[in-house]
Each structure stands twice: as C-alpha cells, then as structure tokens.
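Next up: a single chain in structure tokens, the form predicted alone.
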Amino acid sequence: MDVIVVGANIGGAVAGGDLAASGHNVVMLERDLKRKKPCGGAIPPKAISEFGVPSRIIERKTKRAVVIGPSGSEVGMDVRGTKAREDDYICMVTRETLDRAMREKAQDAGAELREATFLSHEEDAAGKVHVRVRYRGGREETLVADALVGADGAGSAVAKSCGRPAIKHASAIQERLYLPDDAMAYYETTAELYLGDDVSPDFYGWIFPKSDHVAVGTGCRPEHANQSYAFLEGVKQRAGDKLRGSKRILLEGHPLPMARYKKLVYGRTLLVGDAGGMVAHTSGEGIYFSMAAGRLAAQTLHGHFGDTKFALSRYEKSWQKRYGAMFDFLEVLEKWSYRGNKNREFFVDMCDTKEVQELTFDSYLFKEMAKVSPAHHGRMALNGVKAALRNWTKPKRPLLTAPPVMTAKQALQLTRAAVADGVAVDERSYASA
C-alpha cells in the first residue's frame, strides 16, 4: 500500500480521502468507530465549502456570540466581519456526525477503513514504513507502506513511536444537556463564553447549541485538572435559569495539546491535527486546522511521493508559513487575556468595540490574519485606552472568585450518580480530565 493513516476522524479522513482521490492506495485505521469524540463542535462555514463537508450535518447556525466576564458583564457580538456575507455564522456540529461523514467521504474516494489500534512503527533502510496494529479480538498484523500519517489525537501513539517527548495537555470536560423547547429558544442562534476563576483559571467555559441540546464545558491546565468537575459546575451556576429543565445525556472529557510543534515530519511520518499540536490558543479550536493539515499532508505526499525524506519536510514549512503567524499571535493573546479576572474584564470590554469584533470574525471565518487600515488600528488602540481607564477607575468585582468546592471523591460520586441515572459517560476520555 502507499499510505497508512492512523486516526480516521477529521484530519485523517481528509488526508486519506484526498490521497485516495489522487490514485493512491490508502488504509485508514481507527481504534474505535463507535466512540463519540468529546468536542465543542464549532466550525466556520469555510470548512464546509473547502473540504466538502455535507451541509446536512450542521445542527445550528450560530449568528451571535455572548462573552460574559467574571463580574457578570456581558457583550453580545453578531457574527460578522468587516463585510456582511451570507455565511456570517458559526456552524455547530457533533463530532460523531462530522467524523462519520468525513470517513464515508474518504471511503467513497477509495480509501479503505479498518477498525484497529496502532501499536508501533519503524522504517527500514529502503524507506518503507512497517506499522504494527491490533484488531478487535486480539489479532496483530504488520502493515507495510511508503508513508505514514499520524492523526490520532493529543495523546498520539504515532508521535510517541516517532520518539517525540511526552508533553503536557490541557484538560477539557463537557456535558451535553437536553433542554426543553422554551429554554432551547434562547440558544437557537446564540453561543456563550464564560470567563472567570470560577469557570477556569486558565481558559474559559462555553455553552454551544446543538439541535436539541447544548454542550456545556470548560478547560484548564494540568495543575488544575483535579478541579475540572468543579469548574464545569461553575459554568452551570453562572448560566443559572437559562439551563432550566435540563437533563444530562452525556458526560465526557478529553485532552488538548498545550503546545504547537514546529517539527511535524519524522522520516516518512507526518503528524496532523492534535497530534501536531494544531489547536488555536484563546479559542481551543482545532477542527478546521486539523482538516487543513490533512489536506496539506496529502498534497505534500502526492507531490513528492518518490522523493527523499527531506522533500516531506516541505509539509511543516508550508504549515508554518500559512498558519504560524496566526498561532503565534493567538498564543500571546491567550496568555494575556486569561491572566486574572482584571485582564478578563478588560478583554470583555474590548469585545464591546466594533473594530475588535470585525477583526475577530474576519480571522475566525476566513482563517487568515485579517488586514485592516491604520485608522482601524487607531480606533482599536483608543478603545483599549478607554477600557483600561474604566477598569482602573471603576474596577468590576467578580461574582465568584473560585469554583464550587469539590473533592475528587465528590466528583467520582457525581459521575457514578450520572451513570445510575442512565447518563452515558465516556470513562476513557473523562479519566484524562
């Protein structure tokens, strides 16, 4: 075979499908085809059009985002860039639907899908990649290919097999809550982001709408992971009556890479998506970037299939050229914006300016650093000075300074109670949170 793709979700499915469509013999491996990957599930319309995602999987078109500061201050933002467009909205999807659709698309293009677990790999002197896998039932097999794509998530076994050192991961935890119609009406076209030490000392909490439920979640750094459940309760406390009548239908958790890796190629192995640390700081968004990386990896392999290993390094150079500046900027913004409640309030105030909103959604919707005029920058700077003065002269007090007190034992009891109530719990992923 030509290429083995480990991880047949979004990034791996795009890579496998593109390579198969170009005439290559591709095998995609996925450890568990029934698993619902935990994810907020927000993607820009650009992902739908660019990667041929079936529009039928869109559960909600969110046209308004509300940012809520530690003091309870709110800023509502219409999803709109510097120019109004028909696709000024955020697509809300569930990962099980998106992943299945992209796998089917890859299979239609000719890629073969197998349910199997990657164990290890090595390259021989001739440049062939030998991949050891285990199928359900315990049978093991060694597959041989010309190249390997690792798209197997934040805890990538492929990256580990390549010799990449272990790295820290942020922990995210999420509940899916069914809401009755009257409560769901508020979230019909609205998503919420919550900031404050009570919902996350490191990032933010979110409420994203789906067809008949909302995804409520939060993320934090490893040193705060033992309080993940408490931060989640903090988000629900802040939402209050807006979640009235809710019924929990799923509890899930997952790791997110905390670092962006500049080395994405190891011999004839290319890393894609979370396996390569391709998660945007400030937002935690990774779906679009994973798909873009899958396409770029496929283009690199197709264009240089018989060339040396050195030629494949063009993949990581192309990635850095296309998205490096954006990721660097977002990393700096994240470190500043989420550092303490005062900074978070300033961030919320800045979101209340037209120029910042337009710049934010231009970048999000079109996935490139938005270019604005010097006058635009001048207005943003002036608004920044005004916001800083307001926060200095009249500082806002946070509603809560800490999440609900909760021990690990109490979190475990709540998890067991959820299971007893018939709630599905993704224990494997939740254990990492």
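In this text, all values refer to a predicted model and were calculated from it rather than measured experimentally. Quick note: we count residues from 1 along the sequence shown, nothing fancier.
The discussion below concerns the form predicted together with a small molecule, not included here.
With the partner omitted here, the stretch from 322-330, 153-161, 295-303, 74-82 that lies within 4.5 Å of the small molecule by heavy atoms in the model of the complex is 153-161. In the model of the complex, no residue of the candidate spot (Asp197, Gly205 and Cys351) has a heavy atom lying within 4.5 Å of the small molecule.
Using a 4.5 Å cutoff between non-hydrogen atoms, Gly69 does not count as a contact of the small molecule in the model of the complex.
Residue contact check for Ser228: none of its heavy atoms lie within 4.5 Å of the small molecule in the model of the complex.
Contact check for Gly41: a non-hydrogen atom falls within 4.5 Å of the small molecule in the model of the complex. None of the heavy atoms of Val3 is located within 4.5 Å of the small molecule in the model of the complex. Checking Leu251, Ala106, Leu232, Ala172 for any heavy atom within 4.5 Å of the small molecule in the model of the complex turns up a single hit: Ala172.
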